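Taking the form predicted alone, here's one chain by itself in structure tokens.
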Amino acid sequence: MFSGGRLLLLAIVIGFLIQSPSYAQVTSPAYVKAIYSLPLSLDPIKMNDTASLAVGNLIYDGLLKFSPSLKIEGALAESWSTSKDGKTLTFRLKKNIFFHNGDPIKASDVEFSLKRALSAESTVRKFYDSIKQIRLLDESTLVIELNFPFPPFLSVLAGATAKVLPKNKISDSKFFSSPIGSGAFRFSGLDSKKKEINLVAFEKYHAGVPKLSQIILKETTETEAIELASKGEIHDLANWPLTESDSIFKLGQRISSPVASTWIIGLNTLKAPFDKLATRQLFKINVPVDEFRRSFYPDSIKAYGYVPNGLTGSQIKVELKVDGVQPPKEKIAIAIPRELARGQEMKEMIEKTMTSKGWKVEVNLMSWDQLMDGYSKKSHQAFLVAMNMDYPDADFLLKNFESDNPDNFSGLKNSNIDLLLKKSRATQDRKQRETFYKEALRLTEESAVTVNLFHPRANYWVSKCVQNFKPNILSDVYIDYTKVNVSPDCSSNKVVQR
């Protein structure tokens, strides 16, 4: 549901449905996907929440992409190679690739876009700081030189923020109110009253025209989304954290998959009383993690650490010693998303349990944009979020704790963690990197800036009309909707037509 490793709030220029004059109006039934929030940004270098990334992955393409099994494949890139020392990567673009406005995509567009990701305005620049320089050999060939051999870099380029924008169009101040990309679906409009984004199939998409002619992404709460799905007005609830016992699955398909994500309660070291290590450690121990998981997401996977299972450091165990430490007298506020169907129950359970252990805890249900605003401003004492991953490497989640990362949600400053991450990125030796990761994760667990609740198991609901829906372990952001279609003989489909 939520952002992964990088969450933020950015106001975007919005308006009513804007129809591109370059293409005919789509009249076939729309595929409707429920999302918990409209995008907080349509600028890839400022995307830090799952809703923005989900929309962005439909509108934009990058050099590379992930397959459902996390294999790295070419998107705009036809081929690529890496030098023996791992520091020079050469990409050759596909032929006949176009932006949504019909302009051909050139290597200079790629260069421009990656340099934007490294700019001061980028909130994701930490993922690209291994880049030393970018050179054009010609308008079809691009060379990226790295400061050090960084094995996960190809995964970074396959991620949801490494998107290519048209160099000659982005200077328009209104560009992101009607963005131009090269993805499978082009932006048709945003209706702020209906809380919907309208996308239509890109007829010149390099991988072939998508089977869906139109996608509508509709903002709802979880309860509203399930109700609409039960009425046949929604095709897809993949953006919502459902459990296998939800009754809606009696009316549709349940497609289950593990997800490379960790639900946490993040603690802000810049806010008292969490500026004290002993208080954070006691709080981490006292939160009813097992009860929370069993009560609300019983089919999820127990979290033994911050990193999802299967990745290096996923089961780092640290024994916290809190003998003699007492809960502080101050009230602690925990922000959780109001859009969660069982948010009120979560509030009551957490408050009751923590009160019984001597804490003064108040759980505040707030809208996602309010929660994200406080997250980006680091004004929350504590907050419940899901940390999803843009690429399957522990480095992605560990970046959250680097002292100079503006998206360090905890405010933690630990020079030892900084040094370990710097060393890990400068070595090609896999075992040595794993050693650095494990020590950095041990220090993170010891710092007690995350209460690790669980690793989710996605239970994706889609209508019985939907075909070829394949989950991706990196969350619904990376689901390939170019292959998805709706059965033509599905006469019971009630989804509103546009």
Partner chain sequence: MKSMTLFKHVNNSLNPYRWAISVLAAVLISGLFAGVTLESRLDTDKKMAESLAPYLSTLVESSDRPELLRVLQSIGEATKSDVILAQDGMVFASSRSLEELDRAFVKPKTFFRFFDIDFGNNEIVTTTNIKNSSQSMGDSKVYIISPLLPSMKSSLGIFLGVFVASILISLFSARQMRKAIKKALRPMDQLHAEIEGMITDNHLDSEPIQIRELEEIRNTVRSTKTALDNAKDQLAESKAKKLSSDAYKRLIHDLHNPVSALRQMASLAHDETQDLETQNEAANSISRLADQILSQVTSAKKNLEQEPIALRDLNLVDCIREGVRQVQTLENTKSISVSFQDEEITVPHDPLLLKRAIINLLENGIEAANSLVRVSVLKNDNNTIIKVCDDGAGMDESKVPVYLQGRGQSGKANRQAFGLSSTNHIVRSHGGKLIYRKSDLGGSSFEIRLGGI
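Bear in mind the structure is a predicted one, so any value in this text is a computation, not a measurement. Positions refer to the first chain, counted from 1.
From this point on, the text means the form predicted together with its partner chain, which you will not see here.
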Query raised in the report: Which one, 417-425, 207-215, 130-138, 71-79, holds residues whose non-hydrogen atoms are within 4.5 Å of its partner chain in the predicted bound form?
Result: 71-79
Query - 4.5 Å heavy atom contact, K378 to its partner chain in the predicted bound form - result: no
Query raised in the report: Can any non-hydrogen atom of G310 be found within 4.5 angstroms of its partner chain in the predicted bound form?
Result: yes
Query raised in the report: Could you tell me if E434 has a non-hydrogen atom within 4.5 Å of its partner chain in the predicted bound form?
Result: yes
**Report entry** E244 within 4.5 Å of its partner chain in the predicted bound form, heavy atoms
**Finding:** yes
Query raised in the report: For this chain shown on its own, do L63, T123 and P406 all sit within 4.5 Å of its partner chain in the predicted bound form, going by heavy atoms?
Result: no
Query raised in the report: Out of A54, V32, I473, L38, which one falls within 4.5 Å of its partner chain in the predicted bound form, going by heavy atoms?
Result: I473
Requested in this report: Answer with one of S256, S173, S356, S192: the residue that has a non-hydrogen atom within 4.5 Å of its partner chain in the predicted bound form.
Outcome: S256
